[in-house]
Structures are given as C-alpha cells and as structure tokens.
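Next comes just one chain, in structure tokens: the form predicted on its own.
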C-alpha cells in the first residue's frame, strides 16, 4: 500500500491556490497538503481560509523538512534556490517557474540523481513535449517557439521596461522579441517559462529560438512549437484561455500542474 504523500506548497498566488484546492479534493489516503508558504503572509492566510485541510504556514526551509513533495508556484527568483535546497534535503520537487533553473539545470539534475530524488517539470501552457523528448534522443536541427499574447499580458516585463515599449500604442500584430530562450527568460521572467520547459526537453536554452508577438486582437495566449529533427517535423499549437485570476497565466498551465501531481500520486502514466 502506497503511503500518503505530504505536500508542501511554495507560492499562494493564482497557480498555487488552484493547485492547493485540487490537492484539498484528493483522497486523504493518497495526499495531504501539509504546509504552505508565501513571502506575502496575507496570501497564505487567504488561501488557508479556502481549504478543508489545515496546513501549517511555514517558511520555505521548515516546509522542506515537513514535506515529502514540494510544489513551487512562486517565481523564478524563488524556484532556483528552492530546488537546490529540496534536492540537497533529498526531497522531490515539482516546479512551475522553470526559468529559475534554466542556467543550472544540468547540475541540479545530477544532484537529484545522486541523492535519489526527483524534479518534475509540468508541460505548462504548451503541448507536444512528449514528441520533443523523443526527438531529442536523435538529433534536433531546429527548435522554435512563437508566442502570441495580448499587449497587457507583457506589462512590467524587464524587456518592455528597458526598451521603453509603449504597449498601449500597439494596434496590430507586432514582433516584440526575437532571440534565444535564455535571452527570453531574462526579458520576460513571468511570461515565457514555456520556452525553458521546451529548451530542457529539447536542445537547450541557447539553441532554442523564441519569438514573442503582441496584438490587441489576441484574446488569449497562443504558443506554437516547430521542431525539425532526424525523426521528422513536429508542429504544435496551443490556444490558451487566460486564467481567471491572472491574465499573464494560461489556464492550461494550472491544469498541467494538477495533471502532473495526479500522475505522481497515481499508478498509471500515459504518454512519453
């Protein structure tokens, strides 16, 4: 009989809250939300009031000690250090802010293997990572991501601020950014974690090409992936509905996290 998994959640915003509510509905014998954490204590307290379970509100270090599985839904500034602490403590961790590990993921993956724990990266708001992973076993010649977003979804991004781009002045399809996934995550840390997940599954952040296009005509976020490999050509398109609580987050990203959790806790794995 499988033991009940104690889950610790770091980040109580839009995605974290939805994950917590999903865990709260899971059979008590399979999983329990044991602890939650957020730098904004009011967010953690607000989430606590919506849950049947009564997890403790803890700092990240205390949460890691208490949990069997840590779930990160905070930010890329949090995810990198948190993954390192978790794997050093030999704890499994699932992260949403993949951009936080994109520079150091080979070393973190090696440490996790050495310590016998696992790092889970949900697909997020894109589809087709199963095919990308399979293609990467051969040779990938090109990996490209084109993301289309309404201008408001890019507000506050460092690239936008640095280049003084007036998002309100955009009237039609406008290419905002072209470059590597590594450059994209620096310029758009809250918008382009999907590029990092694609990079890690494929040929790395330096070789993965990213294009970001904005238009007021777009009502949601769209991500198109094109892979050219020895195994053939792969093309996918995900037209996402924004999360009700945060227009910068696709609803599919929330569901992807919950689906990954159910796969971790379950006995059947579908897909590559």
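Residue numbers count along the first chain shown, from 1. All values derive from a computational prediction rather than experimental measurement.
The same protein also exists as the form predicted in complex with a small molecule; that form is not shown, yet it is the one meant from here on.
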query: is_contact(residue 178, the small molecule) in the predicted complex, heavy atom dist at most 4.5 Å; finding: no
query: The small molecule contact in the predicted complex: residue 39, any heavy atom under 4.5 Å; finding: yes
query: 4.5 angstroms heavy atom contact with the small molecule in the predicted complex for residue 14; finding: yes
query: Exercise: residue 253 in contact with the small molecule in the predicted complex, heavy atom 4.5 Å; finding: yes
query: Triple contact flag 136, 208 and 225 to the small molecule in the predicted complex, non-hydrogen atom at 4.5 angstroms; finding: no
query: The small molecule: the contacting residue among 94, 108, 190, 160 in the predicted complex [heavy atom, 4.5 Å]; finding: 190
query: Interface residue in the predicted complex among 155, 146, 75, 174, criterion: non-hydrogen atom within 4.5 angstroms of the small molecule; finding: 75
query: Heavy atom contact within 4.5 Å of the small molecule in the predicted complex, the stretch among 111-119, 84-92, 124-132, 165-173; finding: 124-132
